[in-house]
Every structure is written in structure tokens, then in C-alpha cells.
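Here you get one chain, nothing else, as C-alpha cells; it is the form predicted on its own.
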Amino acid sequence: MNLAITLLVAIAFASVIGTVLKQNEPYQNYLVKFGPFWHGVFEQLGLYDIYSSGWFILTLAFLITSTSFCLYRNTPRVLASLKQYQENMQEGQLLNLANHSRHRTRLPHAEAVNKLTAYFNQIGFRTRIKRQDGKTTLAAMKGAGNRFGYLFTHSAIVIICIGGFLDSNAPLKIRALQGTLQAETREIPLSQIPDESKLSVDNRSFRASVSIPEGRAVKAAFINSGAGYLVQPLPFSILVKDFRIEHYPSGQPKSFESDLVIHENNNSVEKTIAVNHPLSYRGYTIYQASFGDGGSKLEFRLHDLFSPAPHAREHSATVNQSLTLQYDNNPHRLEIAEFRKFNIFANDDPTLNKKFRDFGPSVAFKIRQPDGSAKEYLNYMYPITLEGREFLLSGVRSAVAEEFKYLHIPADDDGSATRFLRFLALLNDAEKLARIYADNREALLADNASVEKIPEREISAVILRLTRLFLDGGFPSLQQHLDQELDAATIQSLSNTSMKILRFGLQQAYMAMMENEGINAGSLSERDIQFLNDAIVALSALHEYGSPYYLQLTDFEHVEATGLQITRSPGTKWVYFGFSLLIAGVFLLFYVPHQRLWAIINSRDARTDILIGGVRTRHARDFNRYFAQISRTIKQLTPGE
């Protein structure tokens, strides 16, 4: 019993872990959530697929074996006890019972026996009579079904564990140990996946998932296995006719459902599934599990951030597609990862009288360097209003575990990044910039008396150098340059001067660009001045961006995909049956007490003596009252002298 309880507690504890910790996720998700150390610990313990872990399967097998042996050993004895009325009870044994009573009656012996037998039968007891040496023993029993409670509960444990064992994918574990089954880790077409990463279409138990775009059909699903996946072929195809989703005002999904068509040979079944409303087909159950992008078609421009002339290339791609880009004769990979049509967040701008804001479409992508390293980006298609000004946001991070850091590119009057990119291209054109600085050298001398020590012919070169340092590393790089090349006594005095010179140079370049656009630089509006200030802040952060390109999403064709979970669980029926049997067994054990009554009737000197005794397996206090009532009734049925 102690061993059984220990094993049951272990299984219950494992089931709690399996409920709290989402199972069969890609290992990358666990690594991000728990970190390298705990990820390794949990992986070794098998917590990511706990119901198929070796120790869990062994626990089930041991519990099945030990409990089955208990049933084999005790079932004959339990069944035999159903027919054992113990009619050989003696007076001394009855007197030792906590509940017993004596009665003397003037009724004849036979009549007393008949009345007691009829009364015991009336209150639900089955009786058996034994006569010996002028003495009659009346044995009665009620609630013998209580003994079935033992059999039912122990059988239920065995049946439930068998059901769990059938759904534990033990055969896959055996194949993996034999080396005939290996998870695939590459993202390759289904037709190129090797046979050692494919399961049989007749696999009796699995839990797989698949993402299907609208209008597409599949005949296979995928099972996460360690750091890779396995392919589970299906004997039928699943076509997604339509996918629908509704959102709350907060942007959270309210409901989503899919119209599916199952094709097998010449037969087809159509049904709409939703969360908690799956489709069952020939032992397979198809659940609505998630949703995502089904390969949306995107149109975008790639702007070269370091070109001395505004330059953009038009591209088309679909989500999950990769493009090869050449920069400085080095190949870079642009990997389109995700597209979102809506990005709804809580409103944190007090100037907008809204509870939630839609930031519009966004695209997530990676730019992979020739050495294999990559940074992830998140670009929004439309400008976003912050503090009354419009910005185009481009987030960047080096690892999935990091939060995005956003580059705020000020938007022009058309809501685009065109003016900022043109300004950046001008700053990258050293020749044009030198001419602009040379033409405005006198204005610099007039407004900044602190630069009088710099030779007039070198002022343009100084501004160019400061501008280059600023573009390469922002304000921190500029300050670091001063710290390295100047002594401590002059750093403070020249630091402010350098910032003024840089600001002057950037302003002159900006005004020259505006004049080329036909705008009188002498009448810049407050918005133009604010745009310059925001552009300078963006330029200061550009060195951390890590990409030679800025991706501008221009158009899209949204394609949604439904995420399905497909299961085949032959053990489910066993578990349901075992659970029903467990409920019946618990009910019998706790609510159907096993009760016994005995009556020994003796005739002495024309008198009849009756000795009554009784026991119950549970609820002794209730039985005391019950037995007292029986004694009073017997006293009335067998009147004394």
C-alpha cells in the first residue's frame, strides 16, 4: 500500500507539471523562458514531454504490474467473502462485539426464528440459517457490494495506467534508442525529409500540430521532438476552406474558427471547428489550437542607409521566405519571419482619447551576416503618433530573449521616411557636405566665437570629421574621441564647442536639403525645426541599428493560417472507462458500508433466548444508533413474558 501511494503521488505530481508546463514546445521557447541552466536541467528530467519520459513510463509500468499482482492475489479472497456469512459465530464472540443485546421471549423457537428472518430481510439483509444442537444461528449480511469497491478502485488504477501507457509514445522511445528514428532539425520541404524522421501512417498514438493557410490542404502533421521535429503522415487530407477571427477592443483574440474539409479516397467530410469544439474522424481528433500567418505576400523597399545618394530597391517576398542581398561584396540573408495586420496595444499617449491603439501592419525579419550571426527587426508600416509627432518605428534585438529597442525615424508630411533618408544620404556624401560647410564657414565664425582658434581653412574639415564621428557612433563616439585625444583640462571647454559645431553643421546640411526641395530655409516652421531635432536623435542611435538597410513595407496581401492539433489517443477510452470505474469503486467504499448481523436463538425451559450482535466496516457511531433501533424493534417483535 505504501509503495502504491508513493507511485500514485509521483504520477499526480508529474501530471501537475504536465498541466502547468506546456508540453512539446520547440526547445528554443523553453530556452528563452528558463535560461540555459534550467533548460538543461528540465530537459534531462524529461519535463518537456513528461508523459513520454522514460521515468514516467517506467512508473506506469511498475504501478500496473504491482497493482495487477495485488488484484490477482486478493480477488479470489474478496469474491469468496461475498458468500461467507460466518454462521459459525459463537455466543462468546457476539458478546465481545461493541454492539450486542440479549432478549428473552415467550415465542416458540421456530416462530422467533421466522420473525427475525423476516425482519432482517425487510431491512435489506440477506440471511442464512444454521441449526445445530437445538440452537439456531441466523447470519445476515448487507452491503456486500462494498467489497467490489476494492476491486473496482484497483482495477481502475490498472486501466487508467494502461490508457496512459498506450498514449505515451513508448514505441517511439524504443525506436529512438535503437537509432532508427531521428528528429529533423532543418527547415526543408516535406519531400526532402529523410525516412528516419518520418513515422508510420498507422502510428496508433500521437499528438501533432500543423499550420495550414487558407485554401491549402495537407496530408501530414509535425511532432516536436527535442530540438527538432518528426513527420506524422495522415491517411486523409485536410483542406482549410476559410478561417475567421474576431478580436476584443484590446486586440486580444475573441474567437477563431476554421471551415475544414476532410478528403479520403472518394469521401469527404465538412465541419467548422472552434476552440473546445473539435472534429472527430475515424479515431483522429482535430482541435482548433492557434492561428498565424499563412505566407502573406509582401511588397517592400530596401533603403541603403550608407549610400551617398538616396537609393532604394523594390522587392517582393512571402512570409518565411529568404532573400540574398549583396552589400560590400558580402552576401547577407534577409529572412521574412512574420507579418501582422493588426498591432493593438494599450494607449499611453495622453493626447489621444483612446483606450487602445492600433499601430497598424508590421513585419518581423532577420538580417543574417556572412558569419551566420543575425539581428531581428520589427518594422511598422505606418507612422505612429507619439507626443503629437509622427515616427516610423523599427525595433531591433540581438536575441529572442531581449526586448526590442526602437529606432524612432521622424516621418515627413507624407508620413514616410523619405526626408530623413534623404538627409542621411546627404550626410554620407562627403563632397556635397564639404561644399555646404565651406559655403557657410563665415556664418559659423559669426555665431561661434569659441572656434576662433581653429584656422579658417580647417573649419570645414573639422565639421566633416565631427559629422563622420557622429554618424559612426553617435554622441558617445564623439565624446570618446574627445576623451582619447584631449587632456582633461581642455575636454570640458571643447566638449560644448564640438557639440555646437556639430549642431551647426547638421543644421546647415538640413537647410541646404530643404532649399533643394524648394523650401525657403530662412522660414523654417517649428515643425521643420522639430523634425531636425528628432532626426538628430535618430542619427545618434543609428550606429546601434546593425543593418545596412531600412526595410519599408509598401503593400501586402494578407494570408491567414489556422493552427490545428491532431491527436490519435487510443488510451482515451481506457482512461474514461477507468475513471468511471474509479468513481463507482469510491462510491462503494465510502457510501455502501458492509454490515453484518447475527442472532443466536436458544430454547431453554419453554423459554426462548435471543442474542443479537452486529458490526459495520465504517461509520461506527452511526451504526451504534442503527443497532439500537434494531434492538428496540426486535424487542417489540419478540415480546417477553
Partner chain sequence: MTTETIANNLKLTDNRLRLRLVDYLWFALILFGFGWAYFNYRQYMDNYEFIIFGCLALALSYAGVAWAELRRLFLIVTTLALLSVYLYEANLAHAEERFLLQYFLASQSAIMWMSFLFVLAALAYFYALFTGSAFSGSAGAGLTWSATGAGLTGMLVRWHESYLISPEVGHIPVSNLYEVFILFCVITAIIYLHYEKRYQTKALGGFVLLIVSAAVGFLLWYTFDRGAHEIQPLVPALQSYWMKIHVPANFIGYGCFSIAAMLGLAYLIKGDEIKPDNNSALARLPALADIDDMMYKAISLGFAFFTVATILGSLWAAEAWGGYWSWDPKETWALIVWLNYAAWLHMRMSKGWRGAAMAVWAIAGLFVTLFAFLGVNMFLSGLHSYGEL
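This one's a predicted model, so the numbers in the text were calculated from it and none came from an experiment. Positions refer to the first chain, counted from 1.
What comes next is about the form predicted in complex with the partner chain, which does not appear here.
Between the options K254, R244, R131, K219, the residue in contact with the partner chain in the predicted complex by a heavy atom within 4.5 angstroms is K254. The contact residue chosen from F587, F62, F69, W55 relative to the partner chain in the predicted complex is F587, the criterion being a non-hydrogen atom within 4.5 angstroms. Within 4.5 Å of some heavy atom of the partner chain in the predicted complex lies at least one heavy atom of V575. Mapping the unseen interface onto this chain, F579 counts among the residues with a heavy atom inside 4.5 Å of the partner chain in the predicted complex. None of the heavy atoms of F306 is located within 4.5 Å of the partner chain in the predicted complex. Although the partner is absent here, I583 lies within 4.5 Å of the partner chain in the predicted complex, judged by heavy atoms. Heavy atoms within 4.5 Å of the partner chain in the predicted complex map, among the stretches 234-242, 429-437, 535-543, 559-567, onto 559-567 alone.
Across the proposed site, G163, P278 and Y287 without exception bring a heavy atom within 4.5 Å of the partner chain in the predicted complex. Using a 4.5 Å cut-off on any heavy atom, the residues of 150-169 that reach the partner chain in the predicted complex are, in sequence order, H154, I157, G163, G164, D167.
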